Structure formats: structure tokens, C-alpha cells
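Presented below, as C-alpha cells, is a lone chain in the form predicted alone.
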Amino acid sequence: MKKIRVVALFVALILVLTVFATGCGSDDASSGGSDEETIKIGILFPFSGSLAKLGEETYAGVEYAQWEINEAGGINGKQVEFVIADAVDATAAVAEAERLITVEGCKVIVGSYSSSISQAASEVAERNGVIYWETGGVAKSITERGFQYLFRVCPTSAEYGTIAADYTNDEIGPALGVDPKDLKIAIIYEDGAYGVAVSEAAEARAEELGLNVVVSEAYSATATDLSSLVMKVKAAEPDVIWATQYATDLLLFWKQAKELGLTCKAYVGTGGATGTAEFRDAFPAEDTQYVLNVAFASDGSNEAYANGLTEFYAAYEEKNGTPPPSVYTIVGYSGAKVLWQVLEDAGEMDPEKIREAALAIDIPEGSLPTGWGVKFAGPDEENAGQNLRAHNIVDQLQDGELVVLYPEAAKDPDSKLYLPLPYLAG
């Protein structure tokens, strides 16, 4: 009888434990069960702070791509689920990347728009063997570290600076009737990883071309007064300004430049902020007339160059009631679309399988709404993980609309460059 009681007690204990385990699984069903039925992606962007505006605009494209793929049945039959992280700066990016990986169990993180955020968060992902998928951070240094799990879909900072110099040499000088070498050029840039990288590339290319850079000045993108910067540039009497800026500091500089009497004949934004709706809406159209913009992409590109651009704009507006807020939305969307293809090819959420699928992907140029193709540099190349088929465009604000001027394949045959710049003409 004693043995029977012991066995009965043991059986009862097993039943209790079974019920308890079942209950826990039931309580966690929306979490654990969801993990089996969905594909969980970490999302790391600046949703607050000074970088939030363009961070949100980039994420809007990623979010639309999520809705689109889920409406189409998901990836290999699984819905895409986002775990959101707000990375206000590089310090927050490290903490949030750690949380996404160790607490949320994300095997893929998509970010981040900002180079400083990308630089910091991708290091955490690499250390943990997690895929970091960059859609918008451009600093060349991001893909110069030999990382195995980092992939960047967009162009690098070298493209921005090089194109600004080349376009000044090939088009701006002739349009102004001036030998490019006689132009006085001022370079201004925010002092983060993004601004420094673009300015370095611009200065290097200017030296190669023999262009005359009369001032090169860094400043903080979080500054609330840029009058000292404006006055320093004004004293140099530039003909052309190359400016690497975020949205908030661009608006402040543009306003103070007019108030303090800074003049120039051409203003080239190197990074896309001068092409945003925020910049256009902040001033009358005549005050932004003929501003040039070196950017990822443009809503003015022709369909032959940027496949699916027209359809994306129409579908986005139908769903959201407004058109995409900026080119950053196109970039976020395009980057996410490529990731969905990679995840489908990988077949499972194993970083090694995803990495292999990313390195194998081969998309011809002109296939994405940005005009890009996709082919990532291999792990042994100096820019490991960089998309080698991503290139920038140049467009110009003409009567409040962006008109593409470069490359030739993206422009309308009738479009042309107009200068000098009226707003800061003096």
C-alpha cells in the first residue's frame, strides 16, 4: 500500500506539472505560438528626437512593405511581425539592439536611416551573429569593417560627395558660364558619421578635379542657432555650397542664410534633405527654386529607370490617403522588398541561411522603384555587405517639383538645369 501511495503521488505530480506547463504555453500562446507562425523582424529607427522626421519617413516605406507582403500571404506562408525600437541616438541604438536580440529574440534587425545609429547597432548585431539590414545609413565606414552579417541596400557616402563634385565640374560651371576651377566652393556638414563621410568624399573628389574649396565647416545637427556658421561661409563668398544636412538643421540654416545675407549661385544638398516635402512646405516655392539635391532616388525619375515607382506611389496613396512623404519612404520600401526576397530564398530564420541567400541575390539595375539593382559585396571585399548596384540621382526643385537631371537614364529628355539660385542670389 505504501508503494501504491508513492506511485499515485508521483503520477499526480506528473499530471500537475503537465497541466502547469500546458497552462504556461497557453498563456504564452500569442508570443510563443506567434513566433512559430510569423516572421519576427526587429525595427530600429529614430522615432523621437532630432532625427525622427526622416527616420519616420523611411520607416513608413518599410511599414508599407510589411502590409503589402502580409496582404499577399506573407513570406513562405508566414506573416511578417515587427518589434519596434526607438533609437534616438547611438547610445540608445546599442541598448535597443541588445534588447531586440536578447529579450525579443530577433534574428534580423532593419534600420535605421542614420549613419551613427547604424554604425553602433550593427556592431551589436555582428557580435551576436544577427543580420543587420541597413536601408538608409550612408557612411562609408559602415561597410568597411569586414562584418559578416551586415547588408546595406542603399549607396554609400562616397557617392554623394563624388557626384556633388562631378556635377559641379560637368554641369554647374558650364551653366553659370564659369570655368569650374574658378568657382569658389563652400562645404558645410553635420558633424556625425554621415556628414563627415560625405564631406571627406566631396573634398577628395574636388582635389582630384582641381576644384577650389574655400571653406569646409562642420556643425552640430542639434544646434539651435547656426548664425556663426552662416557668417563664416558668407565671409568666404562662395559661388557654390555643398551641404550635408538633416531636415531640422537644413531648415534653420536656410532661414538664417537669407536673414544674414549669405549669397551663392548654386546650392547642392548632399543627402536628400533638400528634396523632402518638409523643406518644400516650409518655404514658398520661389524660395526653394533651383535648389539641387543629390539623393537616393526621386519621385521625378522615369518609369524605365525606376521600375514600379508609379505603381508604388499610387498604391501607397490609396492605402494611406496621402502620397509617400519623401524619397526616404521609397528607399525604406525598396530595402524591405529586397529583404523579403532574401528571407523567402533562405527558407528559415537562421542568420547563416539568410546571409547565404543575401550574398546569392542578383537583381539587375533598374529593377527597384529607386532605380537600383542588388548585388552585395562578398565577405572578403573591402566593402563587405555593400549593395554594388545602388546609385544616387541629382534632381532640382523647379516650381515646387523635383525634376531629375542625372543620370541621363533617369531624366526626362526635356528637363534642364536652371541657375543661378534666386533665393541666395544677393
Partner chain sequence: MQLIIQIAISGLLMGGIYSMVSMGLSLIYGVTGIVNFAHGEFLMVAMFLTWGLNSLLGLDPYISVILVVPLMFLIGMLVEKTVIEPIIKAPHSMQIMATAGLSTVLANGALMLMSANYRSVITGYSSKTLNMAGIMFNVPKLVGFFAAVALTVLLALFLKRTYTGRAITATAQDMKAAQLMGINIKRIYLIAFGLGTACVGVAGVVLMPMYYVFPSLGTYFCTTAFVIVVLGGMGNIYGAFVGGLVIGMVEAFSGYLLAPVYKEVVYFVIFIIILIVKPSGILGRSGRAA
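Bear in mind that the values here come from a model prediction, so they are computed numbers and not experimental data. Positions refer to the first chain, counted from 1. Whichever C-alpha set is largest while still superposing within 1.5 Å between the two forms counts as the rigid core.
This protein has a second form, the form predicted together with the partner chain, left out of what is shown; the following refers to that one.
Peer 1: If contact means any heavy atom within 4.5 Å, which of 70-78, 258-266, 176-184, 340-348 contacts the partner chain in the model of the complex?
Peer 2: Of the options given, it is 258-266.
Peer 1: Is there a heavy atom of Asp395 no more than 4.5 Å from a heavy atom of the partner chain in the model of the complex?
Peer 2: No, Asp395 sits far enough from the partner chain in the model of the complex that none of its heavy atoms falls within 4.5 Å.
Peer 1: Taking 4.5 angstroms as the cut-off for heavy atoms, does Thr322 touch the partner chain in the model of the complex?
Peer 2: Residue-level check for Thr322: no, no contact with the partner chain.
Peer 1: Just checking whether Ala52 would be counted as a contact of the partner chain in the model of the complex - the rule being heavy atoms within 4.5 angstroms.
Peer 2: Ala52: contacts the partner chain in the model of the complex.
Peer 1: Report whether the minimum heavy atom distance between Ala314 and the partner chain in the model of the complex is within 4.5 Å.
Peer 2: No, no contact at 4.5 Å.
Peer 1: Suppose contact means a heavy atom within 4.5 Å; in the model of the complex, does that hold for all of Ser48, Glu57 and Glu217 with the partner chain?
Peer 2: Verified in the model of the complex; spot residues all in contact, yes.
Peer 1: Using a 4.5 Å heavy atom cut-off, which residue among Glu286, Asp225, Glu303, Glu318 comes into contact with the partner chain in the model of the complex?
Peer 2: Checked against the cut-off, the match is Asp225.
Peer 1: If you check Glu356, Asp170, Glu278, Glu237 against the partner chain in the model of the complex, which one has a heavy atom within 4.5 Å?
Peer 2: Contact residue from the list: Glu278.
Peer 1: Mind listing which residues of 186-203 have a heavy atom within 4.5 Å of the partner chain in the model of the complex?
Peer 2: Residue within 4.5 Å: Asp191, and no other.
Peer 1: Please state whether Asp287 has a C-alpha shift of 2 Å or more between the shown form and the other one, with the rigid core used for the fit.
Peer 2: The answer is no, as the C-alpha of Asp287 shifts between the shown form and the other one by less than 2 Å after core alignment.
Peer 1: Using a rigid core alignment, state whether the CA of Asp166 is displaced by 2 Å or more between the shown form and the other one.
Peer 2: No.
Peer 1: After a core superposition, would you say Glu203 shifts its C-alpha by at least 2 Å between the shown form and the other one?
Peer 2: Comparing forms between the shown form and the other one, the Glu203 CA shifts below 2 Å.
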